[in-house]
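Heads up, the chain below is alone and in the form predicted alone; it's given as structure tokens.
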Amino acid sequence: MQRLLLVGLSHATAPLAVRERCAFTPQQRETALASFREKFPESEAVLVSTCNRVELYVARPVHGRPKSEEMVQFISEFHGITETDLRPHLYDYSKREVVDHLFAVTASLDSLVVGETQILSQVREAYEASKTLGLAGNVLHPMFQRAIAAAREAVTETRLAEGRRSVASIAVDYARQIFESFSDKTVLSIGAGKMSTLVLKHLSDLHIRKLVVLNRDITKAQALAEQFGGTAASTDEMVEHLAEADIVVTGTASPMPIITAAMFQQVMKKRRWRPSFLIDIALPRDVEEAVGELDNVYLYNIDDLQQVASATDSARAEAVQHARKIVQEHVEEFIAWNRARELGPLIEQLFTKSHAMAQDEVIRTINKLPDMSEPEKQHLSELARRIVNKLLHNPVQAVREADADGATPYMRALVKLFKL
């Protein structure tokens, strides 16, 4: 039997400043999972890390490791954050709570912007990474597959994503409040990821004068620039391009800010303090918070934009309710399937062991009664079989009829009492 555990934090429990310290890049996630496997070789693990949440899902033997406190310690030590600083922002789930939470998260029902579709691909990516490393096994493998299927159905069978304002469109709305026209404006994109692409798509509809894309991989920069009729440049020229740009979209994977207040003060002097609009969609953040305090600088990060986007959720209450019902049905089906999967082999083992013990006693009795006929031997064997079945009927029935939470203690008792 396996025990499910989850330790995590999200936009609901932790501010952006904490989330960015706990975030894992794909490379860091691979390193962390390899370390986890070395420390806890009998456990499964999936590590989900997005701009809104960091969550460690674990399946391990009932009396095995890690315990939840060891999971907290694992995240804390990896990022060099004290547990005292981390714990106030964490939630800690086990058993059924883990399943309920994962299914809701994957279907975007726990997102700041309910109905956003990026979380589905992010959960799938995290699951695939663990599967590649051999860390998504008999428990997490089917659980994540079912959560992904439930999310797909929730999106396709409801209007969950309809009427939702995207972060990208809201960023452009803010730009419209700052600038009256865009035909004379220059846009600088630092990074070439999915979110940057979405923002540039909305900005390109404003018929901007010029677009420049910077990225460490010049090939990616060229591909994105070509898509929107811009030009690519090296990140070594970032300061010069910042001084030219009226709108800056930044979404790199840098662990530290790439735009500091001291740097941008010099940029603004070169711009003669003309307005500058920065959209920081990176986690950790690319732009120091103090940059937004400079005169004529308008800085918005991912939380600023998502909080506005979340305001549209109330208008889609019916779709959200429908999606929750679909997801809950999938949760119940998975719980029932998983319980049957664990219960079947356990009951089979119980009956096999009990019948074997009974037959051993039958044989011992027959050996003491050499004059027994063959029919009498068969009657004795059948008697032992019926007694075993009757003795086991009530406890097995109680386990089968118990709900998911109630069945687990019964199953543990069977294992302990009958030494299975």
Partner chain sequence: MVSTAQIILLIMAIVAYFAGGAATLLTVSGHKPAPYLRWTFMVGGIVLSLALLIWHISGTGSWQPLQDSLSALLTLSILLAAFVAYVQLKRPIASLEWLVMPVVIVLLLMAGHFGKTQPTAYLPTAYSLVHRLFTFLGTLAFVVAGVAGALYLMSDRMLRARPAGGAHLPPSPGKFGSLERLEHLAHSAVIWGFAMFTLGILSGISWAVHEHGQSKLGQAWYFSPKVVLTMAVWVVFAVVLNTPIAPRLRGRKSAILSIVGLLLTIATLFAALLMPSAGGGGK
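Being a predicted model, the structure only gives us computed values, none of them experimental. Residue numbers count along the first chain shown, from 1.
Omitted from view is the form predicted in complex with the partner chain, to which the following refers.
J.: Please tell me whether any heavy atom belonging to P275 falls inside 4.5 Å of a heavy atom of the partner chain, as the geometry stands in the predicted bound form.
T.: Yes, P275 lies within 4.5 Å of the partner chain in the predicted bound form.
J.: Indicate whether the partner chain has at least one heavy atom within 4.5 Å of a heavy atom of R176 in the predicted bound form.
T.: R176: contacts the partner chain in the predicted bound form.
J.: Residue-level question: is E293 within 4.5 Å of the partner chain in the predicted bound form, judged on heavy atoms?
T.: It does: once the partner chain is placed as it appears in the predicted bound form, E293 has a heavy atom within 4.5 Å of it.
J.: Can you work out whether D304 and the partner chain are in contact in the predicted bound form, taking contact to mean some heavy atom pair no more than 4.5 Å apart?
T.: D304: yes, in contact with the partner chain in the predicted bound form.
J.: Could you work out which of S181, T82, S121, Q321 is the residue within 4.5 angstroms of the partner chain in the predicted bound form, going by heavy atoms?
T.: Spelling it out, the residue with a heavy atom inside the cut-off is S181.
J.: Just to be sure I understand the contacts: of Q349, Q265, T132, T231, which is the one whose heavy atoms reach within 4.5 angstroms of the partner chain in the predicted bound form?
T.: In short, Q265.
J.: Taking the partner as it appears in the predicted bound form, which of 202-210, 86-94, 296-304, 254-262 has residues with heavy atoms within 4.5 Å of the partner chain?
T.: Selected range: 296-304.
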